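First, one chain by itself: the form predicted on its own, in structure tokens.
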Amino acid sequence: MSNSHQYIALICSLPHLGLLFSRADVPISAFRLKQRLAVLAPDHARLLRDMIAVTDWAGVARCNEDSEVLARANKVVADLADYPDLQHLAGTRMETRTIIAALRRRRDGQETPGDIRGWGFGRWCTQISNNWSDPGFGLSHFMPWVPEAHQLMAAGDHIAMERLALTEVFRQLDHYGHTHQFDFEAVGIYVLRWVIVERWSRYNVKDARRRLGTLVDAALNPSNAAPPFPLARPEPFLGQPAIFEETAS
């Protein structure tokens, strides 16, 4: 079977992921997805693995220095030259992460961006640096989610902040997903979407357990009851799905 026919069969075998936040479960497990991705050509399997490793928080968590993350991101973006939409998605994802990193640094009291090229990626580094005191870094007119993220971060609403960031990434994926159906780009976009759906499903499980524990504690110890739905900061990095530990070729 040719690659084109294999990829048509692959895409047709993948269940619809639905809208973000529309379901609590993931329609296909990491194990099953890995099995189906076994039909990818070796070079495509490598590109997909590298792209996920640099765009997913869990993959970046393994890096010790910002310079290592930037080096990996630049290499992945360069390697995706034959697939411009995936290349743009990977670059935009890193730029989004740079904006979030800048918001966190400013919230934590950093008065200047410092050497932003040492920790930031992409087109907006100079804009962020020149507008450090502006809630939206001078990007609000075409990125209205940035000042909203600033407000959520300042309020300590980390779950809502995570939801907002994932919504922005999903919007980017949806934009390019409409232009690809049965090619490698379509596979890559599907897997990038799956990572987000899978990540949020684990947040839901953790949040549900936390809420249940709080309610049980309140029932058993009324005098020590905390507010019924405490807002706890999610873990900065969730474990990377096993599918990306060793993508089949």
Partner chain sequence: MNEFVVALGWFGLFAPVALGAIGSAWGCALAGSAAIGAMLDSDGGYGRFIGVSLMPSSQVIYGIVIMFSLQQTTVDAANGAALFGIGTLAGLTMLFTGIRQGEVLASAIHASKAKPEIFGISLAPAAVLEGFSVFALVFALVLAGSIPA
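Since the model is a prediction, treat every value here as computed from it, not as a measurement. Residue numbers count along the first chain shown, from 1.
The following text describes the form predicted together with its partner chain, which does not appear among the structures shown.
Undergrad: So if I measure heavy atom distances to its partner chain in the model of the complex, which of the stretches 66 to 74, 195 to 203, 177 to 185, 43 to 51 falls within 4.5 Å?
TA: Going by heavy atoms within 4.5 Å, the stretch is 177 to 185.
Undergrad: How about K34 - does it come within 4.5 Å of its partner chain in the model of the complex, if we only consider non-hydrogen atoms?
TA: Because no heavy atom of K34 falls inside 4.5 Å of its partner chain in the model of the complex, the answer is no.
Undergrad: I'd like to check something about L20: if you look in the model of the complex, is any of its heavy atoms closer than or equal to 4.5 Å to a heavy atom of its partner chain?
TA: Result no; L20 lies far from its partner chain in the model of the complex.
Undergrad: Using a 4.5 angstroms cut-off on non-hydrogen atoms, would C12 count as touching its partner chain in the model of the complex?
TA: Contact check for C12: yes, within 4.5 Å of its partner chain in the model of the complex.
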